[in-house]
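Next up is one chain by itself, shown in structure tokens, the form predicted alone.
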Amino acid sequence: MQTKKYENIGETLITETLPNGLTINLLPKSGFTKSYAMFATNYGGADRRFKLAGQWIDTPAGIAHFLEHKMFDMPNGNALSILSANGASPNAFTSSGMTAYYFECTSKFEENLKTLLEFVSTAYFTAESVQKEQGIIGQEIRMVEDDPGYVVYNNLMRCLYKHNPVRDSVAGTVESIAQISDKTLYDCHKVFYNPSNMTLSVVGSIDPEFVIKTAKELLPSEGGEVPERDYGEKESDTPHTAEVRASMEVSAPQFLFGSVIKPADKGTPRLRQMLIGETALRLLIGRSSGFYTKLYADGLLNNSFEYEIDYTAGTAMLLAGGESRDVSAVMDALCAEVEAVCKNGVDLNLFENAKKGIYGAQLRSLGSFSSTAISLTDGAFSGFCPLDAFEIIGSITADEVLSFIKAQLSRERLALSVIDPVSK
């Protein structure tokens, strides 16, 4: 058990790697009664083709999400019901690169942790339950296809990527999930839900020794082979398609733009790249930027406008968007802002304010146990500790931010997805 104190933020992180390969991150919070635990596997919707024992294996689109739904089934009942009855608030999610199961509680943490570890590590499927779930998830797929937020995002992924499976829906299609059987689920659980491919992150009122001891007792004593993933042919730095538009029942146009980033190596280089990107976006298009304040005053942007840097399934990308009555005007203003910064350089006052803003946002996020657990989980799968960000932020230079803006936000690097209102 290793302990690292972060004196600058008043936090202490305890880490442990079990003999079976499981990484555990524990962040005790004194003075709190709440606890939050997340048990996650480095396996998501894009991990459909992988090599195991020297052989390439293909699986249907949507299987990781399908497996998430079925994992709550236990021989003695449903884990969601068991956790809820025990005072916990449980849930799960599947992204392109991760599946995570979690709960929050203010009492009976020890019992709830045991339930979490037991149901996630134990596969229990039947042909009948799989067939029933195919109908339920099929309805879910049809519902998200009518969701503008889903459509604008998925369309942008298809603009940015030609080969990588992140361009496909995490839930799959009605046709693809029809290929899933109980055997397929057992096979994928055995491969990806092995401790060597997983991490446990716990934040709050906890006894670190109990958490580690319980994980050792309840989980398999040995890990397994972590499979090699195949995400398709190498992608271009420029979008596969520059723009795509669709029409739906929306009150105003919805838009999302993005660009492909070449991911830095895992570890500190990746954390630094992420922080440089976040600083660049805050400086250029954040709520206090000239770009945002002018367009907000002109009625071209509103509070729906957001941005992020995302790393998943062998990819990295910047994304930004929201709602606007004139998307073309927003994109023209963005490109003009980028050109001005590239020509004149980064305003040093704005740069320092952006770094302070990033530092403050990181600090505030520590108040959210769920955000902290997700950050610890992401970091575990990417080889870094997110708490190191507080030291790195201060060393970021204006030249690094300018280089990021030049490389990532030129017009030829951007793809645009728009949902227009249906014409009356």
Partner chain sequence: MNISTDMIMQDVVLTCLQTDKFKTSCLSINLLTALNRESASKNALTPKVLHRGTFSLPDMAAISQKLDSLYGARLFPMLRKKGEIQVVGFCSDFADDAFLPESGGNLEKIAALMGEMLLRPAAKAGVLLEDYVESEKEKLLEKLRGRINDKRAYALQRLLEQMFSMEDYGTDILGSEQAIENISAKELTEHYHHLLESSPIEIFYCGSAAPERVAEILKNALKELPRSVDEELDLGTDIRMNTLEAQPRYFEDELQVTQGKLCMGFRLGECMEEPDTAAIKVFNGVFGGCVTSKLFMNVREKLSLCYYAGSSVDLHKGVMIVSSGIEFDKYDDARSEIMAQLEAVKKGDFTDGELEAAKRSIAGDYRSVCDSPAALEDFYLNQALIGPDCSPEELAGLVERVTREQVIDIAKDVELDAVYFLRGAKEKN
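Only a predicted model underlies this, so the values are computations on that prediction, with no experimental measurement involved. Numbering follows the first chain given and starts at 1.
FYI, the form predicted in complex with the partner chain isn't displayed, but the following is about it.
Undergrad: Just give me the single entry in G77, P269, G345, G299 that has a non-hydrogen atom within 4.5 angstroms of the partner chain in the predicted bound form.
TA: Answer to the contact question: G299.
Undergrad: With the partner chain left out of view, which of S81, T126, S236, S221 would have a heavy atom within 4.5 Å of it in the predicted bound form?
TA: Contact with the partner chain in the predicted bound form is made by S81 alone.
Undergrad: Look at the stretches 370-378, 395-403, 46-54, 357-365 and give the one with heavy atoms within 4.5 Å of the partner chain in the predicted bound form.
TA: Among the listed stretches, the partner-contacting one is 357-365.
Undergrad: How about E11: is it within 4.5 Å of the partner chain in the predicted bound form, going by heavy atoms?
TA: It does: once the partner chain is placed as it appears in the predicted bound form, E11 has a heavy atom within 4.5 Å of it.
Undergrad: Look up in the predicted bound form whether S328 has a non-hydrogen atom within 4.5 angstroms of the partner chain, and give yes or no.
TA: Answer no; every heavy atom of S328 is more than 4.5 Å from the partner chain in the predicted bound form.
Undergrad: Can you check whether R287 is within 4.5 Å of the partner chain in the predicted bound form, heavy atom basis?
TA: Because a heavy atom of R287 falls inside 4.5 Å of the partner chain in the predicted bound form, the answer is yes.
Undergrad: Considering only heavy atoms, tell me if N164 and the partner chain come within 4.5 Å of each other in the predicted bound form.
TA: Heavy-atom contact with the partner chain at 4.5 Å: absent for N164.
Undergrad: Using heavy atoms and a 4.5 Å cut-off, decide whether K29, K108 and N353 all contact the partner chain in the predicted bound form.
TA: Yes, the whole trio is in contact, each within 4.5 Å by some heavy atom.
Undergrad: Just to make sure I understand: among 115-145, which residues lie within 4.5 Å of the partner chain in the predicted bound form, judging by heavy atoms?
TA: Those in contact are K132, I136, Q139, E140, R142, M143, E145.
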